[in-house]
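Just the one chain here, laid out as structure tokens, in the form predicted alone.
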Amino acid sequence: MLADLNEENLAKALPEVTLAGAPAVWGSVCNVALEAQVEATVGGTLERFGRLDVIVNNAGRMQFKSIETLTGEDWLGILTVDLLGAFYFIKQAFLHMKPGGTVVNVASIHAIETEPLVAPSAAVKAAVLSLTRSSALEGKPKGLRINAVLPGAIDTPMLWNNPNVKSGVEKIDREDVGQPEDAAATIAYLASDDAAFVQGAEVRVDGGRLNRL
């Protein structure tokens, strides 16, 4: 099942998933910042499929403002999507998943190293890693696995529309830019039985970009 805030994007994605081989697909328009909508999305999933095996928390926002111009509303706009959205789905996983279920949180390398003008996004992504660790500890006795992926520069509109990239504040070597499939493959691994002994992990998918001094 797919959940998206944008109904038009959701409508475009559903047939793509079907063409990729999914035997059944359902989409839910969902604002992850609202717990009631997350509950409705999970309830609809259980109603249609009878089970909940994997959750991928991939919703995220970025905002480019200097610290002195940020407001509390700016912070809450990112926190409610990136952190609370993940929490709401993890809560539903704990309530409804059977042993063997798994959650993959998509964080960012900004949780480890960052750049100017993105303080809320970097701080909240670091909090997602902390939530991953806490959830892994509490999920283990339930037979649930919770891990995180930290994508680096990925070839998406969000990367190339980044004002820091456009202005040259953030230098990006084309060799350090990965494809969405690179992140997706790592998520698929963590969600699979091949990662049965991987718990509370933080897996960087950045092509080694952070290895250089």
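Residues carry their position along the shown sequence, with the first being 1. In this text, all values refer to a predicted model and were calculated from it rather than measured experimentally.
The protein also exists as the form predicted together with a small molecule; that form is not presented, and the subsequent description refers to it.
J.: Within 4.5 Å of the small molecule in the predicted bound form, heavy atoms considered, which of Val42, Leu144, Ile55, Val32?
T.: Here the answer is residue option Val32.
J.: Of Leu117, Leu83, Val103, Val106, which residue is found within 4.5 angstroms of the small molecule in the predicted bound form when only non-hydrogen atoms are counted?
T.: Result of the distance check: Val106.
J.: Judged by heavy atoms and a 4.5 Å cut-off, are Lys91, Leu129 and Ala188 together in contact with the small molecule in the predicted bound form?
T.: Checking in the predicted bound form: none of Lys91, Leu129 and Ala188 is within 4.5 Å of the small molecule.
J.: Applying a 4.5 Å heavy atom distance criterion, does Pro157 contact the small molecule in the predicted bound form?
T.: Close contact exists here: in the predicted bound form, Pro157 approaches the small molecule to within 4.5 Å, heavy atoms only.
J.: Do Thr18 and the small molecule come within 4.5 Å of each other in the predicted bound form, heavy atoms counted?
T.: Flag for Thr18 set to no.
J.: Is there a heavy atom of Gly27 lying 4.5 Å or less from a heavy atom of the small molecule in the predicted bound form?
T.: Result no; Gly27 lies far from the small molecule in the predicted bound form.
J.: So in the predicted bound form, does Asn9 come within 4.5 Å of the small molecule, heavy atom to heavy atom?
T.: Contact with the small molecule, yes.
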